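Given next, in structure tokens, is a single chain: the form predicted alone.
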Amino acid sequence: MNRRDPVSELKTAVLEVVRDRVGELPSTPSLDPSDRPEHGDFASNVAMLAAPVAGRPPREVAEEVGVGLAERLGDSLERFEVAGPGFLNLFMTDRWYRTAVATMFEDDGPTVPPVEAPRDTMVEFVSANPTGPLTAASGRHAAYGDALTRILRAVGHPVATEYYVNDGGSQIEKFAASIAARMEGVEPPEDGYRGEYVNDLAERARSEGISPEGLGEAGVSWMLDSIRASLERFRVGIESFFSERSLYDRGLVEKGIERLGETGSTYESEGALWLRTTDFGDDKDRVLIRSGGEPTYFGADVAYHADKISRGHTLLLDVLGADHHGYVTRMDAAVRSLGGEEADFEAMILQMIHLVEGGERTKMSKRAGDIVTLDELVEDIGVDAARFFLLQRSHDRTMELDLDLARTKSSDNPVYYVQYAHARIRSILRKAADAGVVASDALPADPVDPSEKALVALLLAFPGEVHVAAEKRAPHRICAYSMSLAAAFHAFYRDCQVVGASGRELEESRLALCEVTGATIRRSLDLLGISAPESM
């Protein structure tokens, strides 16, 4: 399989020229698509980085690098210009664009090169208490964690996924008490759970003869079965479910806290054991073990992350709810104490979502029973729409999911718009095949239409977009990219005849561009866990 990346090759050419003519640079220069056509196709700051090394003005260095690139690239570079304080603007030829399409066509879409230093990563996400069905709000966590995992794997990180099951503590006692109350035909405790699902669990417990002492364990088991099924329907595959209770049963809490003690990060005061989180920027040190000898919730969580590190994970990514801001600094301190320079902790804090229908917000509360479950959301608008809408805003922003729009089968619906572009491409390719014409890496002499060039430029940006989405933990960037790519394709198809284009080579070349675009849309949607239909 051809693994060429035209943009990476262009970056390499720039680096090689500057090394030959100036020397090694202190940092890697940028090579970015230009914002406006009059500024060329790509712009680089290479001369401004090279000027101090060369001991000459940046504009003079830019001119020299431009001349060297013209010699190296030949008929791929139409011309270069030096702009402003020393930016190097590159204008690529039509042939370079057509060759780029041919290269991508051979590879069935743009290549995503792997990161130079992959990290053994653990993504922990959803982790909702097993005291009720997954809500639509949990769906945002599920969609985000799954898409982030797909994107990280696409750039070469080995990633494991996990759900932390809070199956101990007071919330399980309240859950069991709520089931018991419904079995007796009375209202659950004031701070208990009141959803209709509690009635269903009570009926099941009654029919199976579950004793009051066993209600907590049975209820958690039943809810976990429900959660797994909901995630599977939502196309989310979580590899392992880690029990909080197992931390105590296996002695992992003591082991994790002992490991912290070995690093010199703990101390005793007022009969309690503390972690020096202030050494890492926290506003105060945190208690690991209370004066009575009981571990705090934080102590158990530290032990859980110590276990993650012991399993070989060096990058720990936790997808957390909006009420966890204070948790981040202290857990970062714990991981840094445990793993030293080898382990890193990051927390992605997901903000709330609001379901909107007819201009009105729908409230969600698991305890009050006034909830919209993830299953109900999927049944209403479908998996594809649910995932796209839950992913299209940055995770750190509160979002509104417009149910009326998500149900719409029109170009106003963003996921429909992107999927329709893919279906249209498949239709074009079928029509061409029926006419006996197939895509090829032909290089016609015809000039490249501006809409055609804009589409190729977006295709070339795909590897970089995936890398940025991975680095910034930002799946919403892939949503935005897929919409831009769909818009660019629709503009290209409006402006450029494909089937029946003048000249067989031009027709075959444009079919290849369609095929590459279709493949890139499929790959973009797959990173989001969304299907790419063949017809609509």
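Residue indices: 1-based, along the sequence shown. Take the two forms, superpose them, and find the largest set of C-alpha atoms that agree within 1.5 Å; that set is the rigid core. This one's a predicted model, so the numbers in the text were calculated from it and none came from an experiment.
Not on display, but discussed next: the form predicted together with the RNA.
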Within 4.5 Å of the RNA in the predicted complex: all of S8, E106 and G358, by heavy atom? no
Answer key: of A70, A54, L506, A43, within 4.5 Å of the RNA in the predicted complex (heavy atoms) is A43
None of G340, G312, P212, G169 but one has a heavy atom within 4.5 Å of the RNA in the predicted complex; the exception is G169
Note: the RNA not shown here; in the predicted complex, the stretch from 113 to 121, 250 to 258, 95 to 103, 421 to 429 having heavy atoms within 4.5 Å of it is 421 to 429
When the contact criterion is heavy atoms within 4.5 Å, does A229 count as touching the RNA in the predicted complex?
no
Indicate whether the RNA has at least one heavy atom within 4.5 Å of a heavy atom of V65 in the predicted complex.
no
Does the RNA come within 4.5 Å of any heavy atom of A469 in the predicted complex?
-> no
Is there any non-hydrogen atom of S246 lying within 4.5 Å of the RNA in the predicted complex?
-> no
Across 312 to 338, the residues having a non-hydrogen atom within 4.5 Å of the RNA in the predicted complex turn out to be A322, D323, H324, H325, G326, Y327, R330
G292: Cα shift of 2 Å or greater between the shown form and the other one (core-aligned): yes
_I want to check E268: does it shift between the shown form and the other one by 2 Å or more at the Cα, with the core superposed?_
yes
*asked:* Is L511 displaced by at least 2 Å at its C-alpha between the shown form and the other one when the rigid core is overlaid?
replied: no
